[in-house]
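One chain comes next, on its own, written out as structure tokens in the form predicted alone.
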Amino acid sequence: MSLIILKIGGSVITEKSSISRAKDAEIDRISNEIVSFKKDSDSQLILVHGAGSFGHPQAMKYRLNEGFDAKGAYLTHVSVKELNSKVLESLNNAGAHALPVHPLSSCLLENGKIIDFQVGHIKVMIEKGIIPVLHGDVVMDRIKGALVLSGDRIIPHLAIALNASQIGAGSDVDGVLDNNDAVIKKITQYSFVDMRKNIKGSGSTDVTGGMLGKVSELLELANKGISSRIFNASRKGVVSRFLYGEDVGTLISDK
């Protein structure tokens, strides 16, 4: 039975120019596309979502990536957990069985690097037909105290630990765009060297690295033989097309 890891960016499900404002209709649409696919397929699914306007403003205000701030860590986590609850409610209302997995409670960093990520409970959820729903979060760090861990960085770790076969990162653009707004159909470690200066970055404030950060994380995964796709999850039906294995967006591959 194959395992799919689907990441939905915060720009798709929140108003990133606002503070703590969700796009409820978009969340519901994506939930319905996921549930429709699950009815047709026996593939297992993990969902990871970005924080968008529910985490980035608090993390920036308290400068969590510059130094430890207990209040900032608390407020950031409370905010992202609120968005996670909205996603969970939508999925369960649509007919899925979904439960939260908060990285703050299951992950540990050391100087920004993941050194421990408990996946035992995630495996049990998957075996029982439950969709684990993770999210960008503030995570304790042995050296820094606490740092923001993006959903993009969670994907590679889970993919390797759980032997995922299909990885997708849904953003609010049609794929990785060059400086002429054209979709780059395929990126490898070798082509990335020449094209990275032409890749457009995030159009809004993002403390987790934007599009370049996303590509870099997925290239590390490609080097281990696991390909992935970056596609436009804000377009109706594209999440569904990805889940069914269609050629959407940009392929990140090792060759």
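Predicted model, so just to flag it, every value in this text is computed and none were measured. Note that residue numbering begins at 1 and tracks the sequence as displayed.
If you look for the form predicted in complex with another copy of the chain, you will not find it shown, but the lines that follow are about it.
J.: Answer yes or no: in the predicted bound form, does another copy of the chain come within 4.5 Å of a heavy atom in every one of 197, 199 and 230?
T.: Result no, not one residue of the spot touches another copy of the chain.
J.: Taking the shortest heavy atom distance, is residue 37 within 4.5 Å of another copy of the chain in the predicted bound form?
T.: The answer is no: residue 37 has no heavy atom within 4.5 Å of another copy of the chain.
J.: Consider residue 172 of the chain shown here, and say whether it contacts another copy of the chain in the predicted bound form, taking contact as heavy atoms within 4.5 Å.
T.: Contact with another copy of the chain, no.
J.: Answer yes if any heavy atom of residue 152 is within 4.5 Å of a heavy atom of another copy of the chain in the predicted bound form; otherwise answer no.
T.: Output for residue 152 is no: heavy atoms all beyond 4.5 Å of another copy of the chain.
J.: Any of the heavy atoms of residue 113 lying within 4.5 Å of another copy of the chain in the predicted bound form?
T.: Residue 113: no contact with another copy of the chain in the predicted bound form.
J.: Just give me the single entry in 130, 162, 177, 94 that has a non-hydrogen atom within 4.5 angstroms of another copy of the chain in the predicted bound form.
T.: Contact with another copy of the chain in the predicted bound form is made by 130 alone.
J.: Go through 63 to 83 residue by residue and record those having a heavy atom within 4.5 Å of another copy of the chain in the predicted bound form; state none if no residue qualifies.
T.: Read in sequence order, the residues that approach another copy of the chain (within 4.5 Å, in the predicted bound form) are 68, 70, 71, 73, 74, 77, 81.
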